[in-house]
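Below, in structure tokens: the form predicted on its own, a single chain.
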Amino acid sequence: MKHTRVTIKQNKVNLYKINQCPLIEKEHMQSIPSLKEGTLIELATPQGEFIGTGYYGVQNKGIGWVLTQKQGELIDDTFFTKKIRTAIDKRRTFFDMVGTNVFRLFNGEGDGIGGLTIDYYDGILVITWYSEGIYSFRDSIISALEQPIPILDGIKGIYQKKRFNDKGQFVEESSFLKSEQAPEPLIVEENAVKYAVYLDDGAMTGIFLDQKDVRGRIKNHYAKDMTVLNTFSYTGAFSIAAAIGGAKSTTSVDLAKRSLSKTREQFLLNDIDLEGQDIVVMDVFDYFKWAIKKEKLYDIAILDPPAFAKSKKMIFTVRKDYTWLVENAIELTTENGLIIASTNSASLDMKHFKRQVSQAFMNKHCTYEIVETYTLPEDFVTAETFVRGNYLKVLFIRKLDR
């Protein structure tokens, strides 16, 4: 396939040549010709020296991804098969885990192909395409998954999710691709907890796999005999883990109406009595006001907001509002209680995140101790040269005296 040469600005050359940044950003290029999504592009210095080969694919992070820095390496079926086989080989132990049959099989640029993820749900694969550019290679990628790989002999079916602009419109859609369709819901296990997931229901499935280490830690170490507040609770995965871990009670709060039925479904699936499990459909910020007024207190408060959230009354962004979020949690947490602060914002680094937490405790004239820190789990392989790829930041914070 013919490559289109793109020249990198002189002051950005080392970012790609020495630091091996995999993300191609428009601002780093001298100029960008009119390109079709999926076009292979050759990155070069202003002097014409080869730096790498990638593809053009616009997504929220940039305009494409570097695939290789080996001059002359072909981007063909063999290339994609090799990348996927290598990724699977790294995760061999995950196929034999007891009590967990869901994990990430391929993690974008961490495994060498930015814009692509593949998740494993008890024998079913879910491919997510993050740009039309990577989607243009779908035949090669699906073919690679269908090659004889002993550890994948038990694959029952393949689903796909598109999360990219199509004809000027951002789409988030899912569809069944081939082989066997999964039941709805598909019952999977993580840390010996059951979860109901829906593989053909929009962009999400009902559980965020990147939080499995955090859920496991809550379940096995912190939850017993505790009262737990789970905000932005989605389908209640943190609440379920806490309840299985012996929590005295859980309160799950989310604005989405379907969070009620989805969270109830997860509790019943695990034979958990709904008595003592409060599921509240309410704007989290309104709940904070109500709970503080009622002098509610919790032993554990979990904060896992989206990077951006909009309600009738306000627009929340992690960078602007997380300090205020932690301040509310401080008001609702018992002395020596635990605040679990989490963000998946790639634009916010750990240093800045900790600074927001520190500011919140300073504003409330309260001391604290960070007792544990988590980033992405082992199956979410990241590229050392791309810090933003390790987007998850979770702090277990012990609230001390005021």
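The numbering used is simple: start at 1 and walk along the sequence shown. Computed from a predicted structure; not experimentally measured.
A second form of this protein, the form predicted together with S-adenosyl-L-homocysteine (SAH), is not displayed here; the remarks below concern that form.
S.K.: The chain here is shown without S-adenosyl-L-homocysteine (SAH). Which stretch in 137-145, 156-164, 95-103, 278-286 comes within 4.5 angstroms of it in the model of the complex, by heavy atom distance?
M.R.: Answer to the contact question: 278-286.
S.K.: Is S-adenosyl-L-homocysteine (SAH) in the model of the complex close enough to Phe238, Ala256 and Ala309 that every residue in that trio has a heavy atom within 4.5 angstroms of it?
M.R.: Yes, each of Phe238, Ala256 and Ala309 comes within 4.5 Å of S-adenosyl-L-homocysteine (SAH) in the model of the complex.
S.K.: Hey, in the model of the complex, is Ser233 touching S-adenosyl-L-homocysteine (SAH), heavy atoms inside 4.5 Å?
M.R.: Yes, Ser233 is a contact residue.
S.K.: Can you check whether Asp111 is within 4.5 Å of S-adenosyl-L-homocysteine (SAH) in the model of the complex, heavy atom basis?
M.R.: Residue-level check for Asp111: no, no contact with S-adenosyl-L-homocysteine (SAH).
S.K.: Using a 4.5 Å heavy atom cut-off, state whether Phe208 contacts S-adenosyl-L-homocysteine (SAH) in the model of the complex.
M.R.: Yes, Phe208 is a contact residue.
S.K.: I'd like to know whether Glu190 contacts S-adenosyl-L-homocysteine (SAH) in the model of the complex, with contact meaning heavy atoms within 4.5 angstroms.
M.R.: Answer no; every heavy atom of Glu190 is more than 4.5 Å from S-adenosyl-L-homocysteine (SAH) in the model of the complex.
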